[in-house]
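Given next, in structure tokens, is a single chain: the form predicted on its own.
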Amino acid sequence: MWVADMDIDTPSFVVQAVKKRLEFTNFGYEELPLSTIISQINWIKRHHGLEFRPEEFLYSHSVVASINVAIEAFSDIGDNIIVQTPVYPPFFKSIVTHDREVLYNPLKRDEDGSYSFDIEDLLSKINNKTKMLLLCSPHNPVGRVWREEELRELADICVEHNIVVFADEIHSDLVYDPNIHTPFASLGSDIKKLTITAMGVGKTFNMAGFAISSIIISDDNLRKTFKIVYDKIHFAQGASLSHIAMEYAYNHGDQWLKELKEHLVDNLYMLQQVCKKHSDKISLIPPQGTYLAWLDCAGMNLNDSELNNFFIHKAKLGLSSGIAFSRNGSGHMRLNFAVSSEIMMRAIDQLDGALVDFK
């Protein structure tokens, strides 16, 4: 229950489409079909209310690869790039690998235990070497779905200081009512000129193994600058089976996604109940999006190594250690609840038993 993919079958209509494509036994080079791009355009418009043009899309095999291209394209050695911790670990590695400096803008912990942007901290740290912001929206691991007014405040700062925003919106389809995902590029023409959006089918339909996602850059000049690095690397056009899988997922996946989210909410409810039972040891602010639960285990009074050992050796659960998401993730564990009902019930029983025995 650690890595962020689902232990749930990829939709059968995607599998059947791939099987049918296998009947045509020519697997030479294939460009990404316009019909595949249009399927994603229509999906984004239906689900998120934002319309892009086909020429704004570029293929990528992964969001992390796209981040690395953006860092190379829009910053120089020694420049600062903002990350809002605790956050997805490859954000840090991508910055350091390119000899840039991580500008830490930790999320603020509110009185109710939820997280928000720390705007004052951000404004105090921005300088003339601050070139980019890596935005995680919805946020991994804390599960926040940022409200439009929160994002707009962040966008105003980025426009004022000419900061390019890489918006990792790979979890954007996995948002629970009444929360609504707001694409960062939807906040106005000024911020759209500075925004690179990453979206794809990997999380939504458990298709990470198809290695296909999209980079969406609306501004022509921003896209040209990005493509200087992108073309040097030669991303090519992806795989023929991935093209058909992505197209079918976006064209036929609306009802499947609705049912998936209902299932995930049921799993989350089970987790909430066991956390309430043991609230002196573990607390959970239910995620507004993603299928990742951020468990605050401060009440157990264990260091990070001891906490990890408890989950592995006592609860028999493999989770992600919070310290991997930065220092302010210490004392936390991230649990992936995108599993079958049977596995979730088994996990809850094991966690409950281990916490009952914990002294």
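Computed from a predicted structure; not experimentally measured. Just count from 1 along the sequence shown to find any residue number.
The same protein has a further form, the form predicted in complex with a small molecule, not shown here; the description that follows concerns it.
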Discussion item. Is K203 near the small molecule? Define near as a heavy atom within 4.5 Å, in the model of the complex.
Written reply: yes
Worksheet item: Should L302 be classed as touching the small molecule in the model of the complex when contacts are defined as heavy atoms within 4.5 Å?
Response: no
Item to complete: Report yes if any heavy atom of N309 sits within 4.5 Å of a heavy atom of the small molecule in the model of the complex; otherwise report no.
Response: no
Practice prompt. Spell out, yes or no, whether the shortest heavy atom distance between I41 and the small molecule in the model of the complex is within 4.5 Å.
Written response: no
Worksheet item: Can you say which of 27 to 35, 316 to 324, 41 to 49, 57 to 65 gets within 4.5 Å of the small molecule in the model of the complex, counting heavy atoms only?
Response: 57 to 65
Item to complete: Using heavy atoms and a 4.5 Å cut-off, decide whether C136, N140 and I170 all contact the small molecule in the model of the complex.
Response: yes
Practice prompt. Find the only residue in Y248, W146, Y88, F117 having a heavy atom within 4.5 Å of the small molecule in the model of the complex.
Written response: Y88
